[in-house]
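Shown next as structure tokens: one chain only, the form predicted on its own.
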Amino acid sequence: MNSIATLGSHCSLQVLKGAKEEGFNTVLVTKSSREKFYRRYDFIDEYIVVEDFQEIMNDDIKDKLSETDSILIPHGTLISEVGIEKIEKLDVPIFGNRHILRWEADRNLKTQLMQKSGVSIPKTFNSPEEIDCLTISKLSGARGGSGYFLAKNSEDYYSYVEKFKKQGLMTDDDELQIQEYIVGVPVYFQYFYSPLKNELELFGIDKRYETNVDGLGRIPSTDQNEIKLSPTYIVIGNFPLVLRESLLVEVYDIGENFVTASRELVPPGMPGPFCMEGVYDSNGKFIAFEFSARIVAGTNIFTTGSPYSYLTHGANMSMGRRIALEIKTGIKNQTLDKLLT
């Protein structure tokens, strides 16, 4: 019997709880500093304790995962702390398409895939000297909003870059994507695509709570100017969101077009969970600025299911459990190869 494994961070509790509910053995790769915390949960069967997540590349760790016949579920921490190059070389079965994670992390590839899917995206600037409106600049990779900043001209841009380098948030090798800043309601569409059923599911919708940008509105503008506060975008948590029902037609179209584009550009495409992240502007138009090609932390809101997963599956279907159910079906029908890379 296969085991389901993941790194102890991000959404591991949801993933392993869902795996246990579907009858799998569960394996957690955790840092020693977090082991005591995770041992509070009785749905985790086995622990692989490391000092650094990079150790997942070591032969002894890979041997332990092999001995338990583990399928590794990727999430943002795997990308940020292990890195794309190593993930692609990791000799462990990974749920989903490990190769599309490079397209998530690389800003140019990400833009190419989003354009191919036909979704509206913000204007992108090739250099700071081209900036002619309010922009947001973002570091590559899954960083949870760290390293983002606003700039209205090249002087602002270079000032923040220098500031971030002094703070150790950036290096000379880091690449930034500069996008037009869209004012509106930020929303995050959580999808699951099943290649076994050739079916897209809308699994949930959320909104992030970020520091300190979401707290600035509590401070009068005169005081903000006096103390010279600058917004930061580190994600602290997530809120559930329910859209007007008339908007859901477009939401499904966006997801289905993304699945088709990913299949063409990055075979075998986008099996499993993914997220389209964007803003509804003042005209009610959705403009996408990111995608995540794996489970996102916003799904943690819905550990007992969301309004949308309920419509498809009934109660108690988290994204973690949905992943386990897909793997279970693949094992039963001998189609597991469609789900792993």
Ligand code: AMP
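Since the structure is predicted, the reported quantities are computational estimates derived from the model, not experimental observations. Don't overthink the numbering: it's just position in the shown sequence, from 1.
Omitted here: the form predicted together with the named molecule. The next part is about that form.
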Could you confirm whether Glu199 comes within 4.5 Å of the named molecule in the predicted complex, counting heavy atoms only? no
Counting only non-hydrogen atoms and a 4.5 angstroms cut-off, does Val49 reach the named molecule in the predicted complex? no
Given that the named molecule is not shown alongside this chain, does Gln179 nevertheless sit within 4.5 Å of it in the predicted complex, heavy atom to heavy atom? yes
Should Phe302 be classed as touching the named molecule in the predicted complex when contacts are defined as heavy atoms within 4.5 Å? no
Of the candidate stretches 154-162, 181-189, 247-255, 92-100, the one with residues having heavy atoms within 4.5 Å of the named molecule in the predicted complex is 181-189
Single option in Asp281, Asp45, Glu55, Glu290 placed near the named molecule in the predicted complex, where near means a heavy atom within 4.5 Å: Glu290
Note which of Pro128, Gly269, Gly76, Pro122 lies within 4.5 Å of the named molecule in the predicted complex, where distance is taken over heavy atoms; exactly one does. Pro122
Three-residue site Ile136, Arg208 and Glu277 fully in contact with the named molecule in the predicted complex at 4.5 Å by heavy atom: yes
